[in-house]
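Here's a solo chain for you in structure tokens, the form predicted alone.
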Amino acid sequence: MDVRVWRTMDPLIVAAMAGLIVLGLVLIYSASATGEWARGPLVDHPMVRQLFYAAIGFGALLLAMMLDYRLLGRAAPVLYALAVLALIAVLVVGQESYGAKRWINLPVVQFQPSEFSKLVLIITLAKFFADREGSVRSLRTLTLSLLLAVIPMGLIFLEPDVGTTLVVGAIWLGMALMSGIPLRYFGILTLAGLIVLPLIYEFALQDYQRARIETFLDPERDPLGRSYNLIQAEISIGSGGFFGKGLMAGTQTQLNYLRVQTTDFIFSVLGEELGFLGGVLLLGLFTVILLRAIGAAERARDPFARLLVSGICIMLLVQTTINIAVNTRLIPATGVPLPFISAGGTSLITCMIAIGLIESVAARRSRG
């Protein structure tokens, strides 16, 4: 641990992250102003809980920033094993909600192993590819790296959590490309994926997952059932216009036509109440984080650091893209949270630790 590292930290990344968290707290407060939470105990209010998680996340960020990132590379096998065990544990003792087992109840909070497993996989793949710089173009390296990703992907898929499975797959794909794996291998994988896709749809997806795809393609098929929230999200964003209706003034949100508005569909709340300008603000803050992180990756002192920061960029970019695409009805609903914005402790703390790791890399490069 090096407590002096704050002297060389990048303040813009932390400021942009803080801006997103504050924006998320405001949206969560507005989205829960008229629901069941407005009449319940203050300690159960989503904004209060999110503020509590943000405080924990800030402490975790400081620890990650002071930690020498190279220690994580040495600990990667242990971290990977713990992540896999946690993913197995959630299938056995996890709390079932809406037909899925994604959370383990701890004394004070709920723990979602799949969120932390994404960050652990990034650390593991960064170490794996960095140690094989000379053989990174071999089919053996590609196969072994894919195996590292497939194990958590399979366990997350069994929860079931298709959205996070896709994010983990995208992290592997992006990091493999960044490491220099030949593009021809991806052509083979893409062809194989297209061949097995109909089989996955027919035999691996559950009925409600196939229904999500079918109602996405034809929303009028079940407008008051499975298509309901997609239609409400579209109405919310479209009605916000350029300036939005104002905080706590969005009819779709405040009259509770929009469901899961503090988590998966919080971008629709932003679109309705803060309008196009709110969307620009959100994307601008994300852009600052990504651009500063890319700069840190380019200036990194070793391959492990470069791949670690690149993997974090891929995770944040993919999650943000999928969440906004679901809210704007460009892809079927997947249940992926919007980083730093959606209510959810494990997701928020994981993203804040990721920012701390970027700072750890940036600071140690600056200090040589």
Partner chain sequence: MLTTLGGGTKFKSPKRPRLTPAAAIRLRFWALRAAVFLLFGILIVQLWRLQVVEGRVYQTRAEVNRVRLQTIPPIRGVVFDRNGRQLVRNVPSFVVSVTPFDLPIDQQARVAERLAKLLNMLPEDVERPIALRRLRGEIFQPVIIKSGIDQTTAFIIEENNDKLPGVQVRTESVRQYLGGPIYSHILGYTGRITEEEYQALRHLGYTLNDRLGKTGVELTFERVLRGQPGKEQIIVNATGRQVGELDSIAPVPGDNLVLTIDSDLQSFVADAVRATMGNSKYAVGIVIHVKTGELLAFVSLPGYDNNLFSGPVPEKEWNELLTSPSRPLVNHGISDNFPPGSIFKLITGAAALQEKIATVDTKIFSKGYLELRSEIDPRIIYIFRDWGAHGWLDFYQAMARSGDVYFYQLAGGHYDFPGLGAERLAAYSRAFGLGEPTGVDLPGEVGGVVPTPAWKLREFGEEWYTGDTYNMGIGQGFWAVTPLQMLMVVTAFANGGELLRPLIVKEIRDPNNNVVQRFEREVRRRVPVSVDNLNEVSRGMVLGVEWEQGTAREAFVPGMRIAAKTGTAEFGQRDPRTGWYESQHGWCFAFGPVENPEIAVLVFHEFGSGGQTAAPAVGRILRYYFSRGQLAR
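Please read all numbers here as calculations on a predicted model, not as lab measurements. Numbering follows the first chain given and starts at 1.
We do not show the form predicted together with the partner chain, though everything after this point is about it.
Relative to the partner chain in the predicted complex, residues 103, 148 and 154 are all farther than 4.5 Å at every heavy atom.
Contact annotation: residue 125 falls outside 4.5 Å of the partner chain in the predicted complex, judged by heavy atom distances. Within this chain, residue 320 lines the site of the partner chain in the predicted complex, having a heavy atom no more than 4.5 Å away. Taking non-hydrogen atoms only, residue 325 approaches the partner chain to within 4.5 angstroms in the predicted complex.
Residue contact check for residue 286: one or more of its heavy atoms lie within 4.5 Å of the partner chain in the predicted complex. Screening 138, 251, 206, 95 for any heavy atom within 4.5 Å of the partner chain in the predicted complex leaves a single hit, 251.
For the candidate set 76, 87, 142, 235, a heavy atom within 4.5 Å of the partner chain in the predicted complex is found for exactly one residue, namely 235. The stretch that touches the partner chain in the predicted complex, counting heavy atoms within 4.5 Å, is 304-312, out of 64-72, 46-54, 304-312, 24-32. Along 290-307, residues 290, 291, 294, 295, 297, 298, 306 each place a heavy atom within 4.5 Å of the partner chain in the predicted complex.
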